[in-house]
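Next up is one chain by itself, shown in structure tokens, the form predicted alone.
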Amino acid sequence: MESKGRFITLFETAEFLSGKDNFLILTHQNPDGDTLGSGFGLAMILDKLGKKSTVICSDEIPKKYEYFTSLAPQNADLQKALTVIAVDVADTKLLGDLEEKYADKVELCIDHHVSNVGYAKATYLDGSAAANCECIYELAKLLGVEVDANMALALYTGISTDTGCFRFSNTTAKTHRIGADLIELGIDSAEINRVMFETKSRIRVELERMALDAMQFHFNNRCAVIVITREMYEKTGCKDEDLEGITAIPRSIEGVIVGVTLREREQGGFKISVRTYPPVDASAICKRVGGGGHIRAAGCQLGAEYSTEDAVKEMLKHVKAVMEESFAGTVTDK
């Protein structure tokens, strides 16, 4: 485990955790249900093993997750030597403001993104897992830790949000079995899914209206693009934490197989999310811009040198290239 880039088994991961203490658990910027469920779920597991841990994120954790984040211990001694772990983080760039301090200190990464670059000294990667919380659940079982209702709240949230409430193509039979096991622990899965998928603030609805009004269609209406500008944020009062799930909108339109969402960052540049249907690979599009992710859901970034118009043109160039590979023919923009 001395050299970076070593990929290890789940058993080796369990051995690592058993032999260490005083954990600092890193989650990715713009935190979602899976990275938070993984981080706080793991903290609860470590607590049952008699170990200390603290979960941190570069961005503010949305209040809607308090029903499980408030239950996990935050008791690592940050003044002593820390065992640094990253969960659901495929690249140190996703650590946000924590990258500079911790990028070269991550001893273990637990992830499910096949685009993981192997930055940690040791990485447990299960690319077949629909959500990273599946990995955390299996880890608890291997460690002999009894999963309780508090853990279930965290892990179910991660699994449900990363599968679109068990609707996305990444959902497997194992995903359903783990979800069922967690529900049997007495959690209110219906309420979790209501909060995650069916509840929107008025300002979120207003921003969606603006984005939909400006939506673009390309390549014979098979690609839909929405851009969320700083002006939209300012007019509505929305923050990034209010926009979870908005990336699903472009792909939800009949006939669209590639949905691209560009969010203008406060410091300039764009955070970009790509969602696709077969045969187009979302990660192939994002890798062309230095990003990555899953086959049907991936992300990348463009720097502050890009205007809104140029950023859209840049992404469309890569969408077109991958679509032409996928369809083995020329794709024209109509």
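Between two forms, the rigid core is defined as the largest C-alpha subset superposing within 1.5 Å. No experiment lies behind these values; they were computed from the predicted model shown. From 1 onward, residues are counted along the sequence shown.
This protein has a second form, the form predicted together with another copy of the chain, left out of what is shown; the following refers to that one.
Which among 260-268, 71-79, 177-185, 232-240 is in contact with another copy of the chain in the predicted complex, heavy atoms within 4.5 angstroms? Selected stretch: 177-185.
Thinking of F16, N22 and T54 as the candidate spot, does another copy of the chain come within 4.5 Å of a heavy atom on all of them in the predicted complex? Checked in the predicted complex: no contact with another copy of the chain for any of the three.
Would V114 sit within 4.5 Å of another copy of the chain in the predicted complex, counting heavy atoms only? No.
Just to confirm, K93 within 4.5 Å of another copy of the chain in the predicted complex by heavy atoms? No, K93 is distant from the partner.
Heavy atom to heavy atom, is L212 within 4.5 Å of another copy of the chain in the predicted complex? Output for L212 is yes: heavy atoms within 4.5 Å of another copy of the chain.
My question is simply whether Y67 lines the interface with another copy of the chain in the predicted complex - judged by any non-hydrogen atom within 4.5 Å. No, Y67 is distant from the partner.
Residue by residue through 198-224, tell me which have a non-hydrogen atom within 4.5 angstroms of another copy of the chain in the predicted complex. Contacts from 198-224: E198, T199, K200, S201, R202, V205, R209, L212, D213, F217, N221.
Any CA movement of 2 Å or more for A214 between this form and the one not shown, core superposed? A214 C-alpha, core-superposed: shift of 2 Å or more.
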